[in-house]
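A lone chain, given as structure tokens: the form predicted on its own.
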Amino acid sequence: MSAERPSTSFKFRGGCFHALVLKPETPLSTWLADVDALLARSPGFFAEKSVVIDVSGLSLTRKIFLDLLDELSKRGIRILGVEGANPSDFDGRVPFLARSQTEKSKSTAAPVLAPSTPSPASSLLIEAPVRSGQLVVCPDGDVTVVASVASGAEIVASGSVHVYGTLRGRVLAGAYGNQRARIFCRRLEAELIAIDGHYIVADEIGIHLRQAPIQAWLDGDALKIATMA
């Protein structure tokens, strides 16, 4: 008699998930004060968001790190994992995230000259409105929306973001270190716009720029916004 293999509902599946990455700076008290200022202007900025904390380059003791996690938790910031730390330094309250070997080799390899003809970026074209609660992520190029972006929606792009309708919600261009990225829209009503980590929230946007066609860009460390004719 042959034995039948018992069925099981326990399965594994690979997946890719997106999270915001916070990179604290010292002194931590000043950095936390900046977080408080952001939350005061935009209370729902971290709502329903998973967050990774990157402590690479920081000399944090176990106690200081755990205190930092407590402070972030008090502010309603959910920490999905920690990057850039020695896993033996902490007590396992959050998972340790290790970069892939491919990413490590990119960071340590000798510089390579770019080819004369660059490879095309994987830009994203969206022809339907981006609804509230939707998250659009394009890690390799620009995002173009031939419609409007609703309040509560979020667009994250490594390149520039173009919105041919009303821009509400939050837009993060140059999200992976591209200071030349720009943001364009036909009508600005955004809750937050950011380029390479430099951001402006709705309360900081001049009245003459609201509901106007604009472009935004970085000038050094300053995020600039101007109307377009």
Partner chain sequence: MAQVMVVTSGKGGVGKTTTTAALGAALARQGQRVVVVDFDVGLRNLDLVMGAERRVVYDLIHVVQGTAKLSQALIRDKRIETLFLLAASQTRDKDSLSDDGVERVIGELRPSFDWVICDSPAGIERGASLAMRHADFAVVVTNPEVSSVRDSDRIIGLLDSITDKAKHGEPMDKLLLLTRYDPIRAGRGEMLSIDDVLDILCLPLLGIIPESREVLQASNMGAPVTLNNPKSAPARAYSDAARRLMGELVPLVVPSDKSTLLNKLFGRRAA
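Predicted model, so just to flag it, every value in this text is computed and none were measured. Numbering follows the first chain given and starts at 1.
This next part talks about the form predicted in complex with the partner chain, which is not shown.
Contact check for Pro129, Ala150 and Glu191: all three have a heavy atom within 4.5 Å of the partner chain in the predicted bound form. A single residue from the set Pro95, Gly133, Pro139, Gly76 has any heavy atom within 4.5 angstroms of the partner chain in the predicted bound form; that residue is Gly133.
Among residues of the shown chain, His162 is not one whose heavy atoms approach the partner chain to within 4.5 Å in the predicted bound form.
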